[in-house]
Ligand SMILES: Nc1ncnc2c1ncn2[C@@H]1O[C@H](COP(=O)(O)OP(=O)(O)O)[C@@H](O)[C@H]1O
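Below, in structure tokens: the form predicted alone, a single chain.
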């Protein structure tokens, strides 16, 4: 499914005035795109995800989902916090959305089982959130998002609070979502290396009200056969992205 953001603006009223977070923002994905958004804190990345998910209404503009007819929720948002219910075990947590849809218990458990096995979480099916590591909690949240069967997955810093090994595993799981489940994914992250590894498209945001300072199509890089040249170009991109973000952070509001 293709996502079209058409001249989106978002203002928040705060004591002393109005804060403009997004202003006349337009962008469109390709179908089954994987977009990573990078940028300084407070530049509107998470607000944009909430608008696309329908959680927050834009002050102006609209979001259009373009693709085959779909009767259910078109976009599901995975928050940086795991959001698991502490009183439910992993299996019931990941299948909670199916329960809300009225899917019979044995059917939803079977649907959950396949994904939990794919992501090596099945042996923890009867554990509770407090018994899981941060990485396993994020796996559970990712599975729950996939089980909604929404064609669009939105991720807000899925690697937040993960150690380096858990982050690597999480990247592998997200790449599996990209390659196997044929979703359109938009992922907000502060990790440039993660974005370079996973994304088909990278957007680098400037300070709010947001403007896209740089858009990078990563597809040509994935087709390169010269590994040395590939690594050299990735390193060049990494430095360029980090430099842009540093300049945006240092700008006087």
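Numbering follows the first chain given and starts at 1. All figures in this text were calculated on a predicted structure; none of them were measured in a lab.
Quick note: we don't show the form predicted together with this ligand, though the next part is all about it.
Q. Is there any non-hydrogen atom of residue 12 lying within 4.5 Å of this ligand in the predicted complex?
A. Because a heavy atom of residue 12 falls inside 4.5 Å of this ligand in the predicted complex, the answer is yes.
Q. Heavy atoms within 4.5 Å of this ligand in the predicted complex: does residue 41 have any?
A. Because a heavy atom of residue 41 falls inside 4.5 Å of this ligand in the predicted complex, the answer is yes.
Q. Is there a non-hydrogen atom of residue 21 within 4.5 angstroms of a non-hydrogen atom of this ligand in the predicted complex?
A. Within the cut-off, so yes.
Q) Are any of the heavy atoms in residue 201 no more than 4.5 Å from a heavy atom of this ligand in the predicted complex? A) Residue 201 lies outside the contact set for this ligand.
Q.
Given the stretches 220 to 228, 62 to 70, 191 to 199, 46 to 54, which is the single one in contact with this ligand in the predicted complex, using a heavy atom cutoff of 4.5 Å?
A. In short, 46 to 54.
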